[in-house]
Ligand SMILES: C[S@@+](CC[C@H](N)C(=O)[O-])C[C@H]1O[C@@H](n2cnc3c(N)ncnc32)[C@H](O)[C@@H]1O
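A lone chain, given as structure tokens: the form predicted alone.
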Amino acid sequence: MKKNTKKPLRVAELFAGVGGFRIGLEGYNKKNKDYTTVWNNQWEPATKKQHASETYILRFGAEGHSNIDIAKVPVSEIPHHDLLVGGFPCQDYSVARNLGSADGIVGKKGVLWWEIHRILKEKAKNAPSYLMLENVDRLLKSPASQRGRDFAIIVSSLNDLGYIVEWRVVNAADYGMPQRRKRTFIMGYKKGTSIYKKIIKLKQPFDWLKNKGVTSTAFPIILSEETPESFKITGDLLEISETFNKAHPTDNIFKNCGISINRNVLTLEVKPDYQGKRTMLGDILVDEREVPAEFFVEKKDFKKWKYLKGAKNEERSGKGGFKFFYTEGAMTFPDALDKPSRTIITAEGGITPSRFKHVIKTPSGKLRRLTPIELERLCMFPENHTAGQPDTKRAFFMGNALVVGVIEKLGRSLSKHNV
């Protein structure tokens, strides 16, 4: 048998949190030898104590770890890597003309997408071969006043830097995972790489999206339409920022699946194709006897929880005494155990009643919130990965995290295609 001599892809992890990308790519206890993380950055602004960074170091060690504002990290200090990963925040990605240069385009300070762009641009010929980026699903439609503009800026800037860009909106629960968490995943393939060449050689790039590509291999699909929409993004980034989709600002230009090659875009709506095992909220629960008392809902708070979770159509007062009717639909209460969980948010922790926190009914009939271990299981992290931090912080970490299983599948597919 021929021995596999393929070297592991070296990974740089941005906005690392507590290491979801790393766990998904390397596997628990580095079982997957296809990837090795050589550098990572985690910085939480506006807080003195860096809880996520502390957890990252505790689990993975301090070697290659950076805990300073990424905007202050010189690109020369970031080691060579083959794959750049990160879940960057959803912000306003508009750009402006640099007053010091007629040709220069600059993004807003503090907008972290432009730090990714800075790294790729300054690395130049040494930029990573591949990108694996994550954001919320609404990225494809932002801003509301000019839908698709922000994503057009991202796609165009990556194409201009020599990358083919592929994207898919993936809901983890659609592929058997325990949490309904819908996110946009962006894959980038640099010119000259084996995957770039594979795509260029295809007679129909559409085939890459249907069944030949990294994402379609990891997450099979059913086509909602046989022919994708196609268009070309034109103009420099400032023109895109100012004019993209201005004629029909509420139209959704980018569908939930697509590819862009040299700014030539193919995009269409797809549905998941999955018939495997599914994990439900009830499957990940710990024994009721192991749950600390503070996670049980006190009787005095039942009314408040029920109100917050219920439907509303009531008159409220705004600033200056302005009267208005506030409406919202009811939420399932307590949460259904025979379905995947709702999306975990960063405010999941704490005993205060909330509309968006999970509350389940126990076998004994009591109501309780989810424990940190259960939240970790819903994100497919190792149990007690975040132990050592306050429970509210542990919940915050999981609200900020991705579902590790999605990254694991993408990583396996990328490795198979990288030949």
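Counting begins at 1, following the sequence as shown. No experiment lies behind these values; they were computed from the predicted model shown.
Unshown form predicted together with this ligand; subsequent notes refer to it.
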In the predicted bound form, which of 66 to 74, 370 to 378, 357 to 365, 28 to 36 comes within 4.5 Å of this ligand (heavy atoms)? 66 to 74
So which of A401, V11, A395, L410 gets a non-hydrogen atom within 4.5 Å of this ligand in the predicted bound form? A401
Answer key, this ligand contact in the predicted bound form at 4.5 Å (heavy atoms) among P178, G87, G258, G349: the residue is G87
Taking heavy atoms and a 4.5 Å cut-off, does N40 contact this ligand in the predicted bound form? no
With the partner left out here, check for me: in the predicted bound form, does some heavy atom of L266 sit within 4.5 Å of this ligand? no
Taking the shortest heavy atom distance, is G17 within 4.5 Å of this ligand in the predicted bound form? yes
Non-hydrogen atom contact E54 with this ligand in the predicted bound form at 4.5 angstroms: no
